[in-house]
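To begin, one chain is listed below as structure tokens, in the form predicted on its own.
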């Protein structure tokens, strides 16, 4: 009888199919209902998005697969030093929201290259800014496509290439049809999905490991960090909370600073502030977005600690047979992102600080996705996390694709090549460029240049070296007394 009941119990894959199917249909329905036929709606959503909705869309646009999938994994592996991503990305958003975005909105243009071309009185500067926006966006979207491929390959049992293609079709539908208007309202729904998917396992793990259901309070007012530090030392690692062990002080300072100014120069985030009716609305939406972002970013360090503790207690010192008795281990092994090798032939697997002697290899990008299964949470929680990872990746990918589209169709084609182009012609070029960019993004998703946070951090570096100086100098000059 118990075996029969167990057979009827939905598996992780069943729940994942259900959640992904439902959420994808919601995204498609929103994209269809928000379809546009004019360039103003396609590129800046008609500047009619309410502040709170734009705040949620900005948060979803900004919190990519790197934030949802990879950041907690990086903190989990690097410990204290992993906070560089947390400080750099959030600090950069504050810099953008307070010092750049309102003034860019006040300038009244469609895009960042628009601002650069008019502010510096140079068509050449406009072209260079458009090319920079395209290159930054393509680099960034490569990380999102890898995130999509990882989720599909593990939870839906398809290869990464097939998963990337499915993701491309979904994001392509609402991006091509609805432009910025369709993307914005879809991102509002995607924010709800991703934040729910991130918080539910964090609250469950906090309650299970510490007896306190609030992750932030559980991390601060329990013995979980003390226990984790002890485990780390026993295995030859440095204490988890000990600073500057993986990176020097200079590295932490320089990386944090570059991520901050890179965030402030991201074109797909900046363009969100063009979609609201006024400068005041831009400031309000920036505040809402900061609140929505804080929900995830203050939870990530706690989730990283819970994940690290669970992995050490679940995998270390066990035999290969014991480890592979876990269904989640077998399935992650098939993706190639988790592997084992008994190097000293002692019959047990060890997670050690010495990389040459380490017998367990775990990809950073699977930490968040695997944590509910490692902790033994209900299958629907694991499926919810998978749906959240897809929402995070697709929401950012959509925003990046529109930047590529607007940079090409508006800043290069309309402004420089064919100023007399009709509305229909400009829309056609914009939609065509989304399809072209999707093809490039899909290839990068199948053959990524690195793990998600690496690729995204590279895009931030490019934005720091290109857009931030241009925007800072342009705004300082035009807004100084």
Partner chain sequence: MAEPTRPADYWRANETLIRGLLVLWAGISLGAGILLAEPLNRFHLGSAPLGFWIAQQGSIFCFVAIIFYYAWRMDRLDRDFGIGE
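Positions refer to the first chain, counted from 1. Only the largest set of C-alpha atoms that superpose within 1.5 Å between the two forms is called the rigid core. Worth saying up front: this structure is predicted, and the values here are computed from it rather than measured.
Omitted from view is the form predicted in complex with the partner chain, to which the following refers.
Is there a non-hydrogen atom of residue 262 within 4.5 angstroms of a non-hydrogen atom of the partner chain in the predicted complex? No.
**Prompt:** Is there a heavy atom of residue 219 lying 4.5 Å or less from a heavy atom of the partner chain in the predicted complex?
**Reply:** Within the cut-off, so yes.
Exercise. Hey, in the predicted complex, is residue 343 touching the partner chain, heavy atoms inside 4.5 Å?
Worked result: Residue 343 lies outside the contact set for the partner chain.
- Task: Examine residue 198 and determine whether its closest non-hydrogen atom to the partner chain in the predicted complex is within 4.5 angstroms.
- Result: Answer no; every heavy atom of residue 198 is more than 4.5 Å from the partner chain in the predicted complex.
Work out which of 243, 157, 211, 236 lies within 4.5 Å of the partner chain in the predicted complex, going by heavy atoms. Checking each option against the partner chain in the predicted complex, the one that comes within 4.5 Å is 243.
Q) Of 77, 173, 80, 203, which one comes within 4.5 Å of the partner chain in the predicted complex, counting heavy atoms only? A) Checking each option against the partner chain in the predicted complex, the one that comes within 4.5 Å is 80.
Given a 4.5 Å cut-off on heavy atoms, tell me which of 365 to 373, 203 to 211, 80 to 88, 319 to 327 is the interface stretch with the partner chain in the predicted complex.
So the stretch in question is 80 to 88.
Taking the partner chain in the predicted complex, which residues along 412 to 431 bring a heavy atom to within 4.5 Å of it?
-> None of them.
Rigid-core frame, C-alpha of residue 118, shift of 2 angstroms or more between the shown form and the other one
For residue 118, whose C-alpha is compared between the shown form and the other one after core superposition, the shift is less than 2 Å.
Exercise for review: Answer yes if the CA of residue 308 moves 2 Å or more between the shown form and the other one after aligning the rigid core, and no otherwise.
Suggested key: Yes, residue 308 moves 2 Å or more.
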